[in-house]
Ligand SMILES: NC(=O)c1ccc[n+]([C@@H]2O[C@H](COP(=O)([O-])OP(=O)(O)OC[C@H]3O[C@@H](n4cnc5c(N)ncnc54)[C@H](O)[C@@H]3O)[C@@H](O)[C@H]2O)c1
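The chain that follows stands alone, in the form predicted on its own, written as structure tokens.
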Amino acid sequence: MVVSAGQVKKVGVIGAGTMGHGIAQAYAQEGYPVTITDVAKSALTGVKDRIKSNLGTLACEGLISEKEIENIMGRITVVDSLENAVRDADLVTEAVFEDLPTKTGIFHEMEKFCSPECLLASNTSSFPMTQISSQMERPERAIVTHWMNPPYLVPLVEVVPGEKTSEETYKTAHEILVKIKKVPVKVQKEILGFLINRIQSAMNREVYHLVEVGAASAEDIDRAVVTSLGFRLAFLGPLLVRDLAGLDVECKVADTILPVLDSSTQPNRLLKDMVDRGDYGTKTGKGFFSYTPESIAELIKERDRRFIHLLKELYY
């Protein structure tokens, strides 16, 4: 047995980084008490400040009221151990860094402390739940719920059952995500990377190639994507776009273009060179573009503001 969506009263989150703090926020916004922990004490020290800053942006854009901020923050409790995070939880989401042995160990450990009915979810972006749950006594209650960044704004959550995940577990995960205003999409096969990372990786491979061969500047490539694909894909999926354009036209275009697209099976050389130099993007202040701490803060604020406008227009 696993809890039903209606029986979920308390949520635990393991990992307080980029994804974990946003997932905790999403549950707290919809009324759930949340406990959150992380092995990195530095992540725990700043987690409430990050969430409060996010909520401030939501309030400025009218998605929540200023009065709600204090109530939401009051539902979030930072704890110092995995045991304290999961002991009384009905649903737990693991959101630690992408390392299979670490995730496998956490799921094995969680079973020692959580209730037998507690649903255990992983925010992994690539690993199958069948592997993550390999050391569990009750793998039927484990499932992947892969959120998108920033998780408190982007609607989609990919839901991926493992080989032993029960239908009951899938149903609870799906219903609770709908309840907190997310859009769950079931991935029916445990394919590496699930849906979005596979689609995104295919596009990015060609984008990196276009930069490498000097087809256009990084600024213009981004501008072209935002004002065409991004504009359409905000509410039309790629298959519907193709239907509207005509599949006969698509077939002819594919005949011409596919033979000359980048088909490498290794990371692009330009990308690898940047990583080898330590140019990781906003993490280090330089990637395809250059950043200062001030410009990063402003970029994230503007990103969230625009996402909120899109969210209100399409999903509220």
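Sequential numbering from 1, following the sequence displayed. Just so it is clear, the model here is predicted, and its values are computed rather than measured.
One more form of this protein, predicted in complex with this ligand, exists but is not displayed; see below.
Although the partner is absent from this view, residue 292 stays clear of this ligand in the predicted complex, with no non-hydrogen atom inside 4.5 angstroms. Residue contact with this ligand in the predicted complex: residue 129 places no heavy atom within 4.5 Å of it.
Contact between residue 104 and this ligand in the predicted complex is not found at the 4.5 Å heavy atom cutoff. The closest non-hydrogen atom of residue 172 lies beyond 4.5 Å of this ligand in the predicted complex. Of the candidate stretches 136 to 144, 176 to 184, 211 to 219, 121 to 129, only 121 to 129 contains residues with a heavy atom within 4.5 Å of this ligand in the predicted complex. For the marked spot (7, 30 and 88), a heavy atom within 4.5 Å of this ligand in the predicted complex is absent from each of the three residues.
Of all the residues from 1 to 30, those having a non-hydrogen atom no more than 4.5 Å from this ligand in the predicted complex are 14, 15, 16, 17, 18, 19, 20.
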